[in-house]
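A single chain comes next, written as structure tokens; it is the form predicted on its own.
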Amino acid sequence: MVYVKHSVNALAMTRSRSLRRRRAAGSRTLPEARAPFILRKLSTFNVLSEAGLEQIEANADTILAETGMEFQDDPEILSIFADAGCDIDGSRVRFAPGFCRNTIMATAPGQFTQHARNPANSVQLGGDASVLCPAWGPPFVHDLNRGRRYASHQDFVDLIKLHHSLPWLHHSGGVVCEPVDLPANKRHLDMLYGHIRYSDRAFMGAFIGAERAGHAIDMARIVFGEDFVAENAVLYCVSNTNAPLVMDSHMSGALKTYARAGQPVACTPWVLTGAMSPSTVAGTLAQVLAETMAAMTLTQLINPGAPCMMGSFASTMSMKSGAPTFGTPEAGLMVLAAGQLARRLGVPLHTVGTLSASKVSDAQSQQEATWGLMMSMFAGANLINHATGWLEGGLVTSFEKTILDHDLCGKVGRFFDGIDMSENAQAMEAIAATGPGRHFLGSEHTQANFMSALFRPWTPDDNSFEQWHAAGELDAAARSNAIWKERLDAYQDPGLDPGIDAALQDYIAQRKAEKPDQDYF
């Protein structure tokens, strides 16, 4: 693989002998063992009292009953709600107090499995499980060699391969970047194929409109078999509301299609406080709960028992510039409270992770990323989207930040595994054998446990100043630049049955032939 030379001085050192030795050694020592998801052993962190939760829930019911929610350009949805006894006024739907909560709690599953084509990579959604997914949706990509640029199909494939090679990431994701060199009305087919062909982890479907959702389900049936798809979750959809209190036909069309097929839908208000919701945390929480409950209710009216998730993408905005802001105290409070509200509904929680407004992989990006991911984990989130790579408020997927965030994913996985209290971990024999005033470096216990007892991230430099200086004074981003190239070069193709591959390519060719290319949806 060839990379264009960048003018950053530190990168000129990446071909030094010391770094080549480091990269060669890294390929031998980087751990490959992975868990398909995190099983949290630590408690969630609650920020609302019982009285506070009841007040938010009552306020959400008031919003649904008095203000209602708009479901635009979709008469079928209005008929579904009308048949269920809801009040319909044009495209506005109002719900009796308690109706949405009771409908959801009656039939929505609290836990389910999204199956991967490699069963070892299937993920649990719900309970104490947390699944970490890469960035979704950026039209640009960035790396230190080629800079910020519009994403291409090759970037998309490279990111799938890179994600597949990262042990602390669990899911292949969806639109890991937007391949703008492909026709907008057909590129979803190439993206779905990319996930299926180059990874054997669970992946997301196409989110925009019923037609694209139907294509994703058709392709899943080719991969998994029609009977298996009819009985199991194999895709994942996110249906965003247009806050405040609107769902358009693109989102509702996909929601209906996936719900009817028994595929999971994360019903997710996307809000920035002060613009798309009130500027206060309590007001935003009530609106978010109202919107997600209305959408989850729809999934259960369409197909009782279809898997659905409470979604929350709630962050803040700068009241000076209007730009979205991340890693804020208020965003942390909102996701922690959302976790409490989801548990009271008895459904899994979908939310977001390492968000950042920074333009590059720097201190700001990692401060915001760390705050966001830790808050979502303490909220008990079951699927965390944008857990790696997200920069510039969602406009950019960064190759370097993918590696930095991946380290963070590994750290939270280890942290939420809790403290090992086995007899071996208590080390009483080792303490007695070593005795006072002696070190443990040569003890049998240390030799037997040091590889597994302590988490070993990939990106930090913990050498002396002299060693760091001799190696080129590389910062974390430059070290990550070397690592992502190494991982991509070492990508191992999971393979795909030739018959399935041929059937997928034939299906894609047929769908593409049905309409002319367009550069818009």
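Counting begins at 1, following the sequence as shown. None of these values were measured; they are calculated from a predicted model.
Keep in mind that the form predicted in complex with another copy of the chain is not shown, yet the notes after this line are about it.
Another copy of the chain is not drawn, but in the predicted bound form it has no heavy atom within 4.5 Å of A35.
In the predicted bound form, another copy of the chain lies farther than 4.5 Å from every heavy atom of Y491.
Though the partner is left out of this view, E486 does not reach within 4.5 Å of another copy of the chain in the predicted bound form, counting heavy atoms only.
Another copy of the chain is not shown here, but in the predicted bound form it comes within 4.5 Å of a heavy atom of G327. Judged by heavy atoms within 4.5 Å of another copy of the chain in the predicted bound form, the contact stretch among the candidates 300 to 308, 316 to 324, 187 to 195, 172 to 180 is 316 to 324. For the candidate spot formed by F81, F112 and L496, no residue has a non-hydrogen atom within 4.5 angstroms of another copy of the chain in the predicted bound form. Here is the short version: of G253, G394, G332, G126, the single residue with a heavy atom within 4.5 Å of another copy of the chain in the predicted bound form is G332. When you look in the predicted bound form, the only residue of N385, S361, T268, Q263 with a non-hydrogen atom within 4.5 Å of another copy of the chain is S361. Of the residues in 276 to 295, those that come within 4.5 Å of another copy of the chain in the predicted bound form through at least one heavy atom are, in sequence order, M276, S277, P278, S279, T280, V281, A282, G283, L285, Q287.
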